[in-house]
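Okay, so here's just one chain, in structure tokens, the form predicted alone.
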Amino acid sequence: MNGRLRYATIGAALVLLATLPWWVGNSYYINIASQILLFAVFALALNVLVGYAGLVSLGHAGLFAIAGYTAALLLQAGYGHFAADTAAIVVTLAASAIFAVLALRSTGIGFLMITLALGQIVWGIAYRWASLTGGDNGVNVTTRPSPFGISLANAPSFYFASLVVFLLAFATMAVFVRSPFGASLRGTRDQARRMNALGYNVWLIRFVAIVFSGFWTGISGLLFIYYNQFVSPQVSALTASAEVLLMVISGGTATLLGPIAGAIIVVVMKNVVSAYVERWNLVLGLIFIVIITFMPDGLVPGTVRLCRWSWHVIRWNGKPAPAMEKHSPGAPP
């Protein structure tokens, strides 16, 4: 029964996502949906480290920006979208490998501080090397790609392209975390010394996880520059890394739906609620405080646990009271 319910829920979600442009209608809200999808990919990528490897990174916005700047600068230089996007992914993978080699010299707070420093270096380069990056003026992207001859210039077509990338990312993450490698990655999170004793190369497992995370971070960075058609140093700022980390933590680490829920909360608050509430940052902070207080493992795991508890209560209250058995005098009860 649970399996049927799960497949029915997945089917309903896919139908809603596939038909969203028709039942939403408004281009503004279709663009908001595209933004949720691209940040969900980013959050899923970071969750590989935070949730499954136990490595908290505050430098992933640097990799996000590296992909965006590489593609934007190559497009500005006259290269085609395929060449620019391919080069952006290759450069991001190389940068991820460098980040991994430097950051894996430590774990815990040391790893977090090294990734923070690396992210700030990327921000400093983007901000100060104005002759290359344009500084505060950023780099404009004048066109969007046309995969298979399909123009992505309007909101619905770009939404469907983002949806395809999101579904690929989600499926890849699902396979990744359920694979033997995913199990070994969780082992390095829970018992690194025991994994070493069993013959696993903990450093290499974590290195591969960071590069894999960097790949999907680069993909989300490409979606971002095509969505905004602009990239600036703010993309690599510390606040950008912290924002995505909050998406992962608030939704629920080590889950596939948690980062998506977190992305929905943050993007909707920034782009929809902010139009009606001036102090939307305060409201967002209160939401995070409530989630962490009452659902410390995140919104999705906490909601699942609450639903299961409610279901058990309903089933128990719906059962008739057990009948009293009659016993003959002197017989044991």
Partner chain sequence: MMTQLTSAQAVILAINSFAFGGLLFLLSAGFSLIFGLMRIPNLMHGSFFMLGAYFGVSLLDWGVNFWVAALLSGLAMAVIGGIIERFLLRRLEGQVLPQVLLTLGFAFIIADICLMVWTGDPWQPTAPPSLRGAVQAFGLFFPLYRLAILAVAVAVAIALWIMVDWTRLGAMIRAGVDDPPIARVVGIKVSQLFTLIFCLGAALAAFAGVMGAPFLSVYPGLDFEMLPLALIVVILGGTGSLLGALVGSFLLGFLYNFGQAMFPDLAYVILFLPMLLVLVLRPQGLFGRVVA
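All values derive from a computational prediction rather than experimental measurement. Numbering follows the first chain given and starts at 1.
Another form exists, predicted in complex with the partner chain; not displayed. Remarks below refer to it.
Using a 4.5 Å cutoff between non-hydrogen atoms, A153 does not count as a contact of the partner chain in the predicted complex.
I265 falls outside the set of residues with a heavy atom inside 4.5 Å of the partner chain in the predicted complex.
Within 4.5 Å of some heavy atom of the partner chain in the predicted complex lies at least one heavy atom of I249.
Though the partner is left out of this view, N281 does reach within 4.5 Å of the partner chain in the predicted complex, counting heavy atoms only. Among the residues M269, I292, I36, V304, the one placing a heavy atom within 4.5 Å of the partner chain in the predicted complex is I292. The single contact residue among I121, V90, V164, A83, judged by any heavy atom lying within 4.5 Å of the partner chain in the predicted complex, is I121. If you check the partner chain in the predicted complex, you find a heavy atom from every one of V50, R105 and G285 within 4.5 Å. This chain is displayed without the partner chain, yet in the predicted complex the stretch 273-281 from 36-44, 273-281, 23-31, 61-69 comes within 4.5 Å of it by heavy atoms.
Contacts to the partner chain in the predicted complex (heavy atom within 4.5 Å) from stretch 107-134: I109, L112, M113, I114, L116, A117, L118, Q120, I121, W123, G124, I125, R128, W129, A130, S131.
Inter-residue distance, V24 to V273 (Cα): increased by at least 3 Å in the predicted complex versus the depicted form. Pairwise change in the predicted complex: T19 and V273 C-alpha atoms lie farther apart than in the shown form, at least 3 Å.
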